[in-house]
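Single chain ahead, by itself, as structure tokens, in the form predicted on its own.
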Amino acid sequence: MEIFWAYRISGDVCFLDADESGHCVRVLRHRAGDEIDVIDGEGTLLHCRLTDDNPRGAQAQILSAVPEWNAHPYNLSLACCPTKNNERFEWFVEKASEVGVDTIFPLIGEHSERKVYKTERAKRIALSATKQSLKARIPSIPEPRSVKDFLKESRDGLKLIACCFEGENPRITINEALAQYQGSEITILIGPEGDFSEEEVALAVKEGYLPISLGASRLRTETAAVAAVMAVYLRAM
């Protein structure tokens, strides 16, 4: 199944950007009159008829719409510290987008080796992975913020922070935490290569986060992040 993304929708007309138009017209050789499937990036699949096959700016008329196409029954915010090796974090973005995540928050922690992170490439990777995995909702990736600033933001639902040490509040496994929760709003924090600091974990607990373990194995940051996404996904199946 070929899927394209509309960067703009006006009435019953979809507009594809230069990359999507080039792939649609030049690579796959679609022409005006062909029927194509387009996602709006917010959860809806649109069945359309191509009306303008300009390879730099194609347009299509919407024929029908399927809201919440292949949607998952939860809203997952995964906040993760970008790794020193940028490719490892991008691998996480790709796999998390394939499995099912709604927002990926890049965080800068006290122990982060990477203090600056640009989101443009990660957004392109998330788009590609969304289309490849047959989803209609593209994960949003806001600009980076510090762990402490993120923790000050009000959030509903189940809030978890994965860490490698036992603080004043004993850790439980992620499966135990998910099993005890009946709602759909979930936020999970994954730390940098050097883990969260004790102060960051203490602040998280103060803000209502539960410290969790992802098992006995010592996982890389990107592996831990994907494991957390998979735990939520499998729990919902």
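Each residue number is its position in the shown sequence, starting from 1. This one's a predicted model, so the numbers in the text were calculated from it and none came from an experiment.
The same protein has a further form, the form predicted together with another copy of the chain, not shown here; the description that follows concerns it.
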Note to self: Check residue 174 for me: does it contact another copy of the chain in the predicted bound form (non-hydrogen atoms, 4.5 angstroms)?
What the structure shows: yes
Check: Is there any non-hydrogen atom of residue 137 lying within 4.5 Å of another copy of the chain in the predicted bound form?
Finding: no
Next item on the list: Answer yes if any heavy atom of residue 219 is within 4.5 Å of a heavy atom of another copy of the chain in the predicted bound form; otherwise answer no.
Entry: yes
Next item on the list: Mark residue 214 yes when one of its heavy atoms lies within 4.5 Å of a heavy atom of another copy of the chain in the predicted bound form, and no otherwise.
Entry: yes
Margin query: Counting any heavy atom within 4.5 Å as contact, can you tell me which stretch out of 153-161, 97-105, 113-121, 140-148 lines another copy of the chain in the predicted bound form?
Written below: 97-105
Margin query: Is it the case in the predicted bound form that 26, 36 and 63 each bring at least one heavy atom within 4.5 Å of another copy of the chain?
Written below: no
Checklist line | Sequence-ordered list of residues in 13-51 near another copy of the chain in the predicted bound form, where near means a heavy atom within 4.5 Å | finding: none
